[in-house]
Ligand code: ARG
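Form predicted on its own, single chain, as structure tokens, below.
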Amino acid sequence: MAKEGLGLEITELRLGLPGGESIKVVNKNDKKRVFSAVNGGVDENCGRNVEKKNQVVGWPPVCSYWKKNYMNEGSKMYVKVSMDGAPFLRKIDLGMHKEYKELALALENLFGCHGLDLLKKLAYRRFALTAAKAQFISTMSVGEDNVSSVKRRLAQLFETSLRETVPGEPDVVPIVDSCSDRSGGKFGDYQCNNAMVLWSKIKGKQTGYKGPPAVGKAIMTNLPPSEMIESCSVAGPGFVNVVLSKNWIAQILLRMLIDGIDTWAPLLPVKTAVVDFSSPNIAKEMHVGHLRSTIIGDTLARMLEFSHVKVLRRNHVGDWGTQFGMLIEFLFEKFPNPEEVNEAAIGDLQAFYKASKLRFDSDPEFKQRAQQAVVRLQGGEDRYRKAWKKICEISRTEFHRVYERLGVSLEEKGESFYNPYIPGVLDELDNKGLIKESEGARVIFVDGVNIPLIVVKSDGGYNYASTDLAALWYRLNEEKAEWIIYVTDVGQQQHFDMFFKAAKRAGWLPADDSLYPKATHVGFGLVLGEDGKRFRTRNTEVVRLVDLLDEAKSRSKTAVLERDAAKDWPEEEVEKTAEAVGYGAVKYADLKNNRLSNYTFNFDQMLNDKGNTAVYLLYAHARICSIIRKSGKDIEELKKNGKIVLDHDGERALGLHLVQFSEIVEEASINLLPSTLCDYLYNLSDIFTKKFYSNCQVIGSPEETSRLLLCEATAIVMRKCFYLLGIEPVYKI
């Protein structure tokens, strides 16, 4: 019995030798051969048993690979590992206690020796280790690959096959995609589409292949055996169709139910990211224009956080600039002692802003005082600083109320925070020869744009570009962010394009956008009214976000109370459900659209309980929870002792869609498209209802245990989707 550790028992391994050969080890009797190899190279006895490289499935030339990737890593000691014949080679740092200890325990089970000593010798001699046959006992934690992603697992297998099929071709990357959505699963669940691309590379070479179909057949033939694949076939010009094993899908689902859905989190190639979103202006109320940035930004942050990325949620509020002179001077007029001012005294901050702006535009003397107030504020005079802080404090209180209702968390680092960094950043850019004089202003010229990026205005003042450059410098150098994401409307696309090009000229960002660190502008379209114009009130004012949320909750509450089941609910439960459904409806109506598109704000559509709406999805989740409750079974007990069977087509279709969750979250995160996750969630609900529940009796059927577990798996995945979209689930209707 294997000791607890890596979650596997090594029943066979290979030691990769310099030159691309390997020693096959199958039992404890091979211990002498292993130690003779790692202690002094290949002795006479060992040499007679060496297998040639081309007999070892999935093993590249060890020596060259090792030197290329790991020779220049200082004094660290690594052992290179490939699990179960997979082509991805893992380097385990012998300074990472948990990982090397787990692998050492697995080796001890095979050799009955001190596994850590063997690992260190392997690393010192620059040998590589592969567990060619591994029995999975629990979860397998080894491998930087995303083991939760079906697509990635298949890509590993196809990478092995492609190396065998075209061993002399470099840079061959598996092209694997789900085909169930396109063909309804007619030909398979996944498809490898490398054959045509490979044929264009090898045509005319002495390969023995006579066209893409032959290449596709070879790719299929060279696939290593895997418990996840039930069958393969070749169609058309070499497309390799894969049907997944229903037993394997069932095992993956049951494993998730036991270990939790967080084990399905994707792994992204970035550790720290900044998501800059919402960003309202101080002294102005949040309106519908802030809705999309806040909702989209929060969802992107949640998806990245779920994917093990450290996310710095930044609220880049407009808390600095010439408008504060106007506000402070107006505050002094109304309240001679600013320290006594509070939110109640000022009242409607938006009205306060408008009144001060009217005074500024109509009274030259007031305007002059306001301009002087800006100078005094920026000079640090205590009275002006205190007034500025008071105005910011009142605004923050109002912002917080909105964020609390939306369930959004942010850390404020506004324009004023970065202001002290601007001079030093501009000096650095100037020393690099980037800043030029133009019509009295200081600018940076960038390729492809006729106008320059102004970093210092002709009056000597700073602007958005100077603040954004300082913020980017801070995020790269102080916060060590690898991915900086800006969520604003598409109207700011040119600004960010110029700003990013300036950063590349400075050497802060690589020229290749696929490399890290990188900065990305996440643009979004407008919120429109039913007249097709910007969403406004009847008197042409922008819609206050607070009013919009109030209306959503009110309408939702009315709809909840119309349901018979809710008539006996306590008021607190009615309120909570109304908020979850109302706010969720507003969020989902935004997120389900491609963010680049405009969308029409319509309460009747978003609160409809039919179609692709949050209301429909929340009620679908509640119905699934009701099925489980009505069964009277202890679902936790079923997880421990039950089994999932996917014999019916509806069961298999549901199981397949569920196990694709990880790759969907990965796709939505990398492409920064929440709508991808919304599509998945809606399709999940649709498959559950139309293919599974309509055709597969749950309660009272011989398959009740299995089907209850499928219901539970569906509910868990739906809840995680809701969480990533910032929507509170409801459990009864």
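Just count from 1 along the sequence shown to find any residue number. Quick caveat: nothing in here was measured; it's all calculated off a predicted structure.
Quick note: we don't show the form predicted together with this ligand, though the next part is all about it.
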Assert contact_stretch over 232-240, 501-509, 271-279, 421-429 against this ligand in the predicted bound form, heavy atom within 4.5 Å, equals 271-279
Is there a non-hydrogen atom of Lys390 within 4.5 angstroms of a non-hydrogen atom of this ligand in the predicted bound form? no
I'd like to know if His316 sits close to this ligand in the predicted bound form, meaning any non-hydrogen atom pair within 4.5 angstroms. yes
Is Thr488 part of the interface with this ligand in the predicted bound form - any heavy atom within 4.5 Å? yes
Would Asp468 show up as a contact with this ligand in the predicted bound form if we use heavy atoms at 4.5 Å? yes
Checking Asn247, Gln605, Gln492, Thr207 against this ligand in the predicted bound form, the residue with a non-hydrogen atom inside 4.5 angstroms turns out to be Gln492
Checked Phe417, Phe496, Tyr616, Phe332 for heavy atoms within 4.5 Å of this ligand in the predicted bound form; positive is Phe496
Residues in 450-464 that come within 4.5 Å of this ligand in the predicted bound form by at least one heavy atom, in order, are Tyr464
